[in-house]
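First, one chain by itself: the form predicted alone, in structure tokens.
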């Protein structure tokens, strides 16, 4: 393939599709390479789509995108072995003409997004693996693929090839990923009749519910679980840091089985038919783990760049926003007839710093280290909170003052007074 492109995008996930679409829509010659049979082939899991990020790329996406349900209720549960304590927010305002969040199934959604990329004018080639970047000195000038005569050239290459970007690592753009900065999540999709989903979650039409879960289900490891409602299925999953899995010697699937059997979860998936199972890595190192984002002739976006807000479980919006900003950087340089040098591509980092992406990651930059060093946040406190609720709600002849004294005593016994003060300070410092 002798033709030279304005840009090559590696990967056809949310970041790669956002970048390829934005540049192609602006009239640039764009090649997008995907190693799967089709975009989305590798993604069987359900996910959350954040509308604002996609609206800025495709304003009318709601007209034909394969959306499952729009989220009207968010539940947050903290579990012990037999119970949960939590809160929720539900609002009819989310039933607007333009809802803010949707549940999706990645396979059909990625395929739809790729179709939009093609309609915009990009050349999309699947079943093609990029084996390495072609460099002239320190400058990236193209990619080498596993196809015959597979050297392809471009003014800039945007890497959006997933959390473990082998291309960036091979080129020396970042080192080996540390296990403490990566989570392994396992998910299942349980199929149920649409009316059953609606009845169990008190919803109607295309309304949806999301449940975020923490506590005993992770065995004290840093991680969370989640449940999403789709039209005729439920996505259920759990994930923890790789370093914790290694230390604890617990298999991820064991956690998922225990989650499915929990008294709070089992009734919600009862009678469902599990048809799909997936495991994937999620970059959760936060701000301190973000690698160099640009260089001579290249940029990196989405999961490849570690752009995930693990605190709020946001990923697709950061991916699409970073892909769009990378594309807009290239478009601006082309309009000014400037080369894609590191000096000029630094505008991408500036744009990210000015956006919610880096602002939110920076806000929680201390949290990964604090959570990793204080596992009692995932073991001791869930137990204490659930026992406190149980104690106060049990009507057993004991006066409430005595109950409160018992609860306070249990907290002090488990953590000590100074331990409680220290934990409160650490969490304040990590989230301020």
Partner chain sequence: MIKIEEKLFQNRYRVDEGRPHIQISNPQVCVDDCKTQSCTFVCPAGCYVVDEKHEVTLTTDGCLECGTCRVICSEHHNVDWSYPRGGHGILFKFG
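Numbering follows the first chain given and starts at 1. This one's a predicted model, so the numbers in the text were calculated from it and none came from an experiment.
The protein also exists as the form predicted together with the partner chain; that form is not presented, and the subsequent description refers to it.
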If we define contact as a non-hydrogen atom of the residue within 4.5 angstroms of the partner, is residue 324 a contact of the partner chain in the predicted complex? no
Test of understanding: in the predicted complex, would residue 194 fall inside 4.5 Å of the partner chain by heavy atoms? no
Would residue 342 count as touching the partner chain in the predicted complex under a 4.5 Å heavy atom rule? no
4.5 Å heavy atom contact, residue 257 to the partner chain in the predicted complex: yes
Given 327-335, 351-359, 213-221, 168-176, the stretch touching the partner chain in the predicted complex at heavy atoms within 4.5 Å is 168-176
With the partner chain left out of view, which of 363, 70, 35, 387 would have a heavy atom within 4.5 Å of it in the predicted complex? 35
Let me know the one among 266, 250, 76, 125 whose heavy atoms come within 4.5 Å of the partner chain in the predicted complex, would you? 250
Taking the partner chain in the predicted complex, which residues along 106-137 bring a heavy atom to within 4.5 Å of it? 106, 107, 108, 127, 128, 129
